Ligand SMILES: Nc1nc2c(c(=O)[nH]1)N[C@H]1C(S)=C(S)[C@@H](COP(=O)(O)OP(=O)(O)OC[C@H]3O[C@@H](n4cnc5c(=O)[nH]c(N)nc54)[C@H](O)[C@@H]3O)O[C@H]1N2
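Below you will find one chain, with nothing else, as structure tokens; this is the form predicted alone, and questions on how it binds or moves follow later.
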């Protein structure tokens, strides 16, 4: 610690607690940072922990020498990855050693420069500025944006401190960008946000239908599970692009972008017309089928062919494949979720599973694949869209239950959900939100329509960014940067796509005075004056026990899990796992008894007419821009993956655009030409990749480059508020004399 700097009193308490769990403290020049404490493991050990990149939830064995994490390898017998790892997993330790790690709090001075300050001064600024904003403009004038990439226990503590302690109403997570569509679809259809599957279903199906999912790239280990399927399955890909997954599939349906809802209704109509449905399951376990059948009767095979661009023969083959399968599983990811009508499209997939009885049995299900490592933890316990445990904020009974189990006054719990991510952004633009706290996410790169967002962030009175790095697009705009520990420098749990809890461990020291997000939230609570509410929230595993109480009697009940050790010993545990049903080792799926989570136990058919896209192509912008993952070595805004020299060799450093040979020829574009991509919002430079993987009239740019979201537009699903990243109108051309390209 620099001479003259005071240490916040809670820091000393945190040191004492960590010291009690370790043999000794390691003193370094400049004093102790909490992040400099040694890990609580033997100096030379190997320990398993869950990867912190995607939602697959692979286990990695971290190897330590003399107390330092030096290497890792995939855990051989873990039931998720079975000894496999993707490139990101092999390089998971590398981002911890990056030179641009945030090591000290940074506060912007009167000259506009970010300067190092003590934690004490940082907390004073945090509390002073945010409380002043609330006093002048009301409690709703401060909001937070969280993440799906920190442990469940940290998410819960953040949501509790912000909403029960600081009095904030508005807070959302970046899971809004990837999973909110699936959440709403499951709630309306099943009565709860409940992905029903287990990864064993990949290996049990005889028909696997992948809608808007490039599984080879986005979730390589899940694709490997498909490759282990011994039943010679039909692998059906519904996607405009001829992706890596489509190339490997047995059937590919290259439909027109955003015609998927019409296509799915047409397939349903074929199945119903021909009697290829499970009438007994429909009668016994669902509601609304007759209305649904009437709705889809208008989607004749001719109408669907004209809308989707698929031939009548292709539509017939798709419906026949589904009918002939004995164990049919339907899977979707961002190609469905990130759409202007994603909720209804997801529900159209769910409807196909319900009407054919393809749910609750091995190798079946309507299965949304999650994006981030802990999006499921965020969905259930971040206190953003749901009250803790997946309860509605609007329910007096739910609020009383949570207040009772936490021992707090019920009036501290908001009686309404906060604004969604896009609504928070618009409220900043309108001037009703003046302060923003951003945790472990980079909206200045990842949010849709970047030129608009840059203007929005600059309008804030006070922007706090809590992150591992000082170099992110958002941190560079911050008034205060709080240095956070990363994956491998903290404890907690993640919940993966198949609802499996896995344990995260501290195997490395965070640099300088960086702290685990958990302890930053504890410091904020103390500085705000609400620490007494969170005395029981002493450490991550103590919070895990609190969350167990909050899960009781909910579909996600995990009261049967004793603690972290039990999770690790059992190779992860899927919820539900109640006190009364601790059986069910290994792989477990939902709805085997045909009962769903609506009060009557029946699933719902939900449907609606398709709607036009917000931004159609035109003579000025004649091409449809598609976005998505570019490489299994890239992740989100590349904040972490770009730190790895190895990962950087596996993907182009510069943005590129896939364009069909015909469209390239029409524009005199040759392979690797420098080109300009223009939308109504911006013009950006990229390299041309001339390829038949995209159809004429379409282009594709990976989501990982900052240029991409300068082009995308502000279009959202009306029910999930999820952005439609997958469709906007653009033109691609060779540069002219006036173009300024880097």
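None of the values given here were measured: they were computed from a predicted structure. Numbering follows the first chain given and starts at 1.
Absent from the display: the form predicted together with this ligand. The rest refers to it.
Judged against this ligand in the predicted bound form with a 4.5 angstroms heavy atom cut-off, the residues 171, 383 and 567 are out of contact without exception.
Only one of the listed residues (377, 195, 486, 540) places a non-hydrogen atom within 4.5 angstroms of this ligand in the predicted bound form, and that residue is 486.
Think of it this way: in the predicted bound form, this ligand has a heavy atom of just one of 419, 255, 352, 123 within 4.5 Å, and the residue is 255. Remark: of stretches 637 to 645, 310 to 318, 573 to 581, 124 to 132, the one touching this ligand in the predicted bound form is 637 to 645 (heavy atom within 4.5 Å).
Contact annotation: residue 500 falls outside 4.5 Å of this ligand in the predicted bound form, judged by heavy atom distances.
Though the partner is left out of this view, residue 626 does reach within 4.5 Å of this ligand in the predicted bound form, counting heavy atoms only. Put simply, residue 103 is far from this ligand in the predicted bound form: not one heavy atom of it is within 4.5 Å. The closest heavy atom approach of residue 436 to this ligand in the predicted bound form falls outside 4.5 Å. Residues of 227 to 249 that come within 4.5 Å of this ligand in the predicted bound form, judged by any heavy atom, are 238, 239, 240, 241, 243 in sequence order.
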